[in-house]
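We begin with a single chain expressed as C-alpha cells, specifically the form predicted on its own.
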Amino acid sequence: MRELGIGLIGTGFMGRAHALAFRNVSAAFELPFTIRLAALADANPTRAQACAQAWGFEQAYADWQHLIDDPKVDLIAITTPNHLHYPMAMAAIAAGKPVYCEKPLSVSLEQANAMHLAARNAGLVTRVGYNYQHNPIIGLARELILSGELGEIVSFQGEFSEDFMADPASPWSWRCEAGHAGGALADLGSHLLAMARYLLGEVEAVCAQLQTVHGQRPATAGSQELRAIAVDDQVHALLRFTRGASGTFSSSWLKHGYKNHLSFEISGTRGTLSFDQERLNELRLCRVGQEGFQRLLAGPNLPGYAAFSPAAGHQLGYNELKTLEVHELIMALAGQGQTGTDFEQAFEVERLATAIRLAAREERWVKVSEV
C-alpha cells in the first residue's frame, strides 16, 4: 500500500473541511493508499504554520507553488478564493498532479474550459467540491428517479438560499466581485445546478433574471466607506431539461431565516420527491394513491452511511459528506469508481451558469448550446 501525499492550499472554512475529511477518511474506510498530510500552504506564513501544526500537516508553505513542487505531495487540494483556482490548478496539472478543487471551478467559462481540457489531455483525475450530491440520501433520490419510481419526470423546483448577506450592513468581501465569480448564482446556485444535472441530466435551455438588491456595502465591518456591488444578490430562472422536464431554479443569499436551504421538489407522473439540505438525512416521498408524503430516513442500508453509523436516524452531517467526497476521490485515484464531479462535468455546470447570465442580460430564452 503506497502513500498518497496530500497538499492543501487554503486555510479558511473549506480548508479546514478538507483537512478534517482527509484525516477522517482513513478511520471511516479501508483505503488503497496510506494518507499522508504532506504540506499546507497559506499566503500568511504565520497562519500556514499554525494550521499545519494544528491539523497535522508535516510542512507549511507561504508560497503555493512551493507546495505544488514538493515531491512528497501527490494530490493538490485547492480551497482558495475562486480567482486563484485557475492558476493553481493549471500549475498542478503541469506538474502532473491530480487536483481536488472547490467550486465554482473558475471565474470564467474560458478558464473552466482550459482547465478541463488540460486535465483531460494530461490524463489526470480531477474532482470539484460539489459535496452535497455525495449524501447517501441523494443517492437514494437518484435511484428512485432512475428506476422509474416517480414515473416520467415532468417538473423540477429547486432553491438554494441562505441569509448571510441579508443585512445590508454586511461588509464587502471577495464574493462581491464579479471578477472573482461572486454573487449568489456562483456561490450558492452552482451547487443547485450541479444537483439538478446529477438528478435529471442536461439542461437544454434557460430564461432568467438576476437582481442586485443592495447596490452598496461597507468596505469593511463598521466602516462608513461604501463600495459598489455589481454581483447578483438573487437569481430566478426557468429551466428546460433535455429529457423533457421543465422547472424553476432560484438562489439568494438575502433570504432571512435560511442557513443552508438547498432544496428541490421533483414531480413525475407517478409521484413526487422532495429534499431540504437543512434536513439532510431525509427525503419526503408521495406515490400515486397515497394521501400525503412519507418520510424516508437515511440509514446503513444506503451506501456510505454505515461507515459512520450502524443505525438509521442517527444522522450524518456536513463534514461526513465531505469525507464521502474525499473517499470517492481516493477510490478514483486507485481506478475504482467514477461517480464524482470532475473538471469536465464542472465545466458543464459553469456553462449552464453562463447561459443563465446571458439569458438575464438579453431577456430571452437561451439554449445552453449557444455558450
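When you see a residue number, it is the position in the sequence shown, counting from 1. Being a predicted model, the structure only gives us computed values, none of them experimental.
Below, we refer to the form predicted in complex with a further copy of the same chain, which is not included among the displayed structures.
Enquirer: With a further copy of the same chain left out of view, which of Ala332, Ala43, Ala60, Ala312 would have a heavy atom within 4.5 Å of it in the predicted complex?
Expert: Looking at Ala332, Ala43, Ala60, Ala312 one by one, just Ala312 meets the 4.5 Å heavy-atom criterion.
Enquirer: Just one of Ala221, Leu117, Ala178, Val288 has a heavy atom within 4.5 angstroms of a further copy of the same chain in the predicted complex, so which one?
Expert: If I apply the 4.5 Å criterion carefully, the residue I get is Val288.
Enquirer: Does Gly292 reach a further copy of the same chain in the predicted complex, with heavy atoms at most 4.5 Å apart?
Expert: Because a heavy atom of Gly292 falls inside 4.5 Å of a further copy of the same chain in the predicted complex, the answer is yes.
Enquirer: May I ask you to check whether Glu278 falls inside a 4.5 Å heavy atom distance of a further copy of the same chain in the predicted complex?
Expert: Because a heavy atom of Glu278 falls inside 4.5 Å of a further copy of the same chain in the predicted complex, the answer is yes.
Enquirer: Would Leu316 count as a contact of a further copy of the same chain in the predicted complex, using a 4.5 angstroms cut-off between non-hydrogen atoms?
Expert: Contact with a further copy of the same chain, yes.
Enquirer: Indicate whether Ser170 is a 4.5 Å heavy atom neighbour of a further copy of the same chain in the predicted complex.
Expert: Contact check for Ser170: no, nothing within 4.5 Å of a further copy of the same chain in the predicted complex.
Enquirer: Taking Met90, Arg127 and Leu146 together, does each of them reach a further copy of the same chain in the predicted complex with some heavy atom inside 4.5 Å?
Expert: Answer is no for this spot.
Enquirer: Counting only non-hydrogen atoms, which stretch in 92 to 100, 280 to 288, 74 to 82, 108 to 116 is within 4.5 Å of a further copy of the same chain in the predicted complex?
Expert: Looking at the partner contacts, the answer comes out as 280 to 288.
Enquirer: Who in 9 to 29 is close to a further copy of the same chain in the predicted complex, meaning a heavy atom within 4.5 Å?
Expert: The stretch touches the partner through Phe13, Arg16, Leu20, Arg23, Asn24, Ser26, Ala27, Ala28.
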